[in-house]
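Given next, in structure tokens, is a single chain: the form predicted on its own.
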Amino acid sequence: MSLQNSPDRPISVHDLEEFCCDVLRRVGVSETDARATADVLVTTDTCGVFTHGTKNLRGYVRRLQAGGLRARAKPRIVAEGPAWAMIDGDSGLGMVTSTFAMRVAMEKAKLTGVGYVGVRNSCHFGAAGFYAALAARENLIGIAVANDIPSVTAPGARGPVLGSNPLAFAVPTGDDRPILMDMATSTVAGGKVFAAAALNQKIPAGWVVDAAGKPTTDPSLFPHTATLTPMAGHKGYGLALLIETLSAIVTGAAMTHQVLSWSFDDPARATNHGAAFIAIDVGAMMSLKEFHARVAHLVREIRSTPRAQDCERVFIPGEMEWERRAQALVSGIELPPDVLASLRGLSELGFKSLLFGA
């Protein structure tokens, strides 16, 4: 399958999904798992979060070919109670394991009011917000977190201490656009630093610090001789530590420096990332009609806040992303140069017939 794309010719969402599925099937991933993975990656691109979408397909394929990711992995529940479960991801694609885990958390929440599901033996799971939104679309509050290799320093430290450990939450609103917040606990996600390096651009001085702990605007130093800064200083550091507890300590996954990089370490070895998913059934505590009305009131109150000079609109978290997605579903996605370069790079892994622009 060959896809043509250029800055003035967006690619359709359907074509991009089919492209991803075709690539994944060719490395042994089942149709069901390929579809689940493509859904996460392409949905993320439609929302304009290009650092966590199809740009990463090349890295996943490399690991699938080398064996660090198992193409036919089967995530399974290894322990559970009425309101919780632990899942072993079987070294499979993080998107497959995480979708499975959030759905288990949702089932638990519908039975008991709240469901927690921890995951071990997983890998990079892409955009945390995708999984939180799964819950919100079924009128559950969704929370998704994960750990990663240390790439973020801590106040007073020199060098990496914790991962950029993402946190996402989604709140149902009564329609298909939940309130959605997806953030790294670093000042900025590492993917944005990589993107700046690929585009030969400088970065803001507060994003990373060099080996001496001094701010730098050179993205090429990361991650080998530079580290990310924690979001809001000690506050981001504390949140990252909470996420490490929920996703790694409790689950039995690799912690901090035990986690392998899905990008840089031996692709034949499992990374053993951890993750955790929480679902809260609002309907078990109050009527959904009342909940949606209260959320709507809060949204109206925020939007009616007096605006700063030259500001046309106060956004609700997730609003920009849902609007981008709505536009992409109609007009297609304009993939940035670094994403296109990564997809074209699949030729190095034996996918010459699948190149964009081939």
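The shown structure was predicted, so the numbers you read here are calculated from the model rather than taken from an experiment. One-based numbering along the sequence shown.
Missing here is the form predicted in complex with another copy of the chain; even so, the following discussion is about that form.
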Three-residue site L111, G238 and V282 fully in contact with another copy of the chain in the model of the complex at 4.5 Å by heavy atom
yes
Which pick from Q201, T256, S261, T225 sits with a heavy atom within 4.5 Å of another copy of the chain in the model of the complex?
T256
The single option of A133, A248, V208, L140 touching another copy of the chain in the model of the complex, heavy atom within 4.5 Å
A248
Any idea which of 89 to 97, 261 to 269, 124 to 132, 248 to 256 reaches within 4.5 Å of another copy of the chain in the model of the complex, heavy atoms considered?
248 to 256
Whether Y116 contacts another copy of the chain in the model of the complex should be assessed with a 4.5 Å heavy atom distance threshold; does it?
yes
Evaluate T216 for contact with another copy of the chain in the model of the complex, applying a 4.5 angstroms cut-off between non-hydrogen atoms, and reply yes or no.
no
A184: touches another copy of the chain in the model of the complex, heavy atom cutoff 4.5 angstroms
yes
Within a 4.5 Å heavy atom cut-off, is T32 in contact with another copy of the chain in the model of the complex?
no
Could you run down 274 to 297 and flag each residue that has a heavy atom within 4.5 Å of another copy of the chain in the model of the complex?
I280, V282, A284, M285, M286, F291, R294, V295, H297
